[in-house]
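Below you will find one chain, with nothing else, as structure tokens; this is the form predicted alone, and questions on how it binds or moves follow later.
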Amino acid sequence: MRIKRFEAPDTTTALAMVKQEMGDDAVILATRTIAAGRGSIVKKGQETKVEVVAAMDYDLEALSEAGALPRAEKAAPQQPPQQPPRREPPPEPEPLPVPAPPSALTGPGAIAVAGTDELPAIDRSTSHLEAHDLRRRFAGMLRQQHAVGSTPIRQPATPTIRRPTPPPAAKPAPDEVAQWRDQLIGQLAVARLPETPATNGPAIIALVGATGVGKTTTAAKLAAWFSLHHGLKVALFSMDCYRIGATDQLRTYAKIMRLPCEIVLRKQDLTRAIAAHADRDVIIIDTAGKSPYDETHVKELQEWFAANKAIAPYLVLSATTKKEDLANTVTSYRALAINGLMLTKIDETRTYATLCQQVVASQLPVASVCTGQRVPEDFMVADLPFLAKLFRRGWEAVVEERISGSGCNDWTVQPHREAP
């Protein structure tokens, strides 16, 4: 690599000098403004000039001396640059040779490649200090590459500690699994929903739960069950002011079933709406869904429900929720004095063991089961025989209920067994 410094009154002239003397393949390494006189520090009011340090991979002077190229004359900085003659592109550079020991490099621009950290001898008459500094750094890189390429550093091998692999856990026998499942199913309980007109004011059901578990759809199914099947007077309330379109969805259901619908955005609005519909048999409240880990949401619901002791919260659980999230959801909403569980999205999974285990662990009765998105068909009130069949046989039990006509499609009254 050849490195040379150029000085000119301005940058344009300096770059033209580089191009004329070193060709189009020259690389600009550094550009700075220096004082026109002696010294490189520019003082205020002093005349300045531009210094450009350029480099190239081959030496044009050596090629000129060998007769490969005509030697170009150096142009004065003050004269405009001349267009260099057109020349063929240089051959591809060969791989860098392994640097020779210090004794093999001689001359005013010698570089110590190995065995010394001292600066090389500087010929200030032919090159600038920065060029020598660049050469020294390039030589250090070559020395490092040579050392790595010739004598690679090998890390000592870390001894591998082989630990005995624990034997796989033995799978329980099918009889043990069936016995454990039957014990869980024997602990299930159901909650009764109102089926007769109210005598001491409306029954108020508030659906609470995490985001996306199907509270709004379940509220519409409940309203259809009470109004169409039992002939009760129903009113729908929406507290979901966070989700776009949530109130419109509930209003559409209410309009189809010709039921009143109230939008409740403040705590005092809830008290006023309940008083305005005191002649109704059932009031269903659709609350906003939030993360079960949001403690402020549960506290806010407690404050809203504290104004009326008749409000009965029911926790909506999705059958597709993971085991840990089901347990945390029940724990988070237990502060609301939950009256029962409403299971949704039974059709979106085919494994029910986790759901059964968490329902039993919650020690809360099941009030209803939703087996799809259709309103009002995919809904049934909780029934112990059906729950037992569901947790034993899976989705096949739901299919049999629909085919036999004893499930939710024909809207027949399901028998109930009260929780102990």
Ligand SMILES: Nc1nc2c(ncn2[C@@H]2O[C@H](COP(=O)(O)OP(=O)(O)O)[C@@H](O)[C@H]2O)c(=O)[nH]1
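No experiment lies behind these values; they were computed from the predicted model shown. Numbering starts at 1 and runs along the sequence shown.
Absent from the display: the form predicted in complex with this ligand. The rest refers to it.
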(message) Taking this ligand as it sits in the predicted complex, is Glu348 in contact with it (heavy atom to heavy atom, 4.5 Å or less)?
(response) yes
(message) Gly212 versus this ligand, in the predicted complex: is there a non-hydrogen atom within 4.5 Å?
(response) yes
(message) Even though the partner isn't displayed, in the predicted complex is Thr216 close enough to this ligand, meaning a heavy atom within 4.5 Å?
(response) yes
(request) Give a yes/no on whether Gly372 approaches this ligand to within 4.5 Å in the predicted complex, heavy atoms considered. (result) yes
(message) Based on heavy atom distances of 4.5 Å or less, which listed stretch (340-348, 193-201, 298-306, 275-283) is in contact with this ligand in the predicted complex?
(response) 340-348
